[in-house]
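Shown below, as structure tokens, is a lone chain in the form predicted alone; questions about how it binds or moves come after it.
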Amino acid sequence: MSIGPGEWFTEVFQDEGTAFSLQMRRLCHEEQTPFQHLAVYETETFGNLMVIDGCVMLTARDNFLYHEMMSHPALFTHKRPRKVVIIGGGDCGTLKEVLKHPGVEEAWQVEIDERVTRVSEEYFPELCTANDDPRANFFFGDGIQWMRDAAPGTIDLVIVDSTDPFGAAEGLFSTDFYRDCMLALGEHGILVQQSESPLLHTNTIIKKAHREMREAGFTQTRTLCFPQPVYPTGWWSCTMAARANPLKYFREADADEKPFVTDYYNKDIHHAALAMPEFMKRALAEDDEGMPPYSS
């Protein structure tokens, strides 16, 4: 897609009748990888923009919201997270946030498309500052198979930093995948997955995630909401699941005294994100299978 200076990149959400646009300065990079079409643009006000298959993945200006909320709430909910696995996350922003935690001893980024990581290293170097950390490990291949092959009870936290639940990513939003994650997690392990827009997807993707996580054997699920301007509606979410670790548990003192800098996340944001809007409570309580769909 050729977009010249001053022109606009627009992502149209046809099913919802909405769209989002950013004014461009130039096309920085474009290629067809073995898996998808990948492009990077320089925008007028949001820094560099990554687009995959015509969909906005991230910008330099606002990605911190997503990456911090995909990592820190779950890390500060686990009592002692030492081994973390990120499924997807090829831009390395979530890996960077995870490795800010000195207690993390080992982090794996399992990304199907190595080109996303290599392009990020060139055009989003600020997200890749932890790539040379000795605790960082990279596997470029199928995340579904990687989780299926993981040794039982060996992981503390699984972060599913995936694209939308379509195409190759659809299997990351399934009972079978959640069950593989549960088996790989230790007794107090936590799964967290990006779960789309509360405004658009509570009755579909989010509700389905709660149900299928429960069907996989997780006893607790909670959805956290946070702003994300470049994603549909500007309002996004992630959903956590656990068996034994209470998802209300929060190492608040550790979060308050964290030995690293964040731009959005803090202890008050953590508490606020756990507060579920009334329309979401109603929707998730109306579970067709008669299964309690979330932890109140």
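Numbers for residues come from their place in the sequence shown, where the first is 1. Values in this document were obtained by computation on a predicted structure and should not be read as measured data.
Heads up, the form predicted together with a small molecule isn't pictured, but that's what we're talking about next.
Contact annotation for N266: none of its heavy atoms lies within 4.5 Å of the small molecule in the predicted complex.
The small molecule is not drawn, but in the predicted complex it has no heavy atom within 4.5 Å of E212.
Residue contact with the small molecule in the predicted complex: V110 places a heavy atom within 4.5 Å of it. Although the partner is absent from this view, T262 stays clear of the small molecule in the predicted complex, with no non-hydrogen atom inside 4.5 angstroms.
Taken together, the three residues P73, S197 and C225 all stay farther than 4.5 Å from the small molecule in the predicted complex, as judged by their closest heavy atom. Note on the partner interface in the predicted complex: the residue among L27, A244, I52, A60 having a heavy atom within 4.5 angstroms of the small molecule is I52.
Out of the listed residues N203, T154, T163, T219, T163 is the one that sits within 4.5 Å of the small molecule in the predicted complex by at least one heavy atom. Contact with the small molecule in the predicted complex, judged as any non-hydrogen atom within 4.5 angstroms, is confined among 185 to 193, 128 to 136, 81 to 89, 98 to 106 to 81 to 89.
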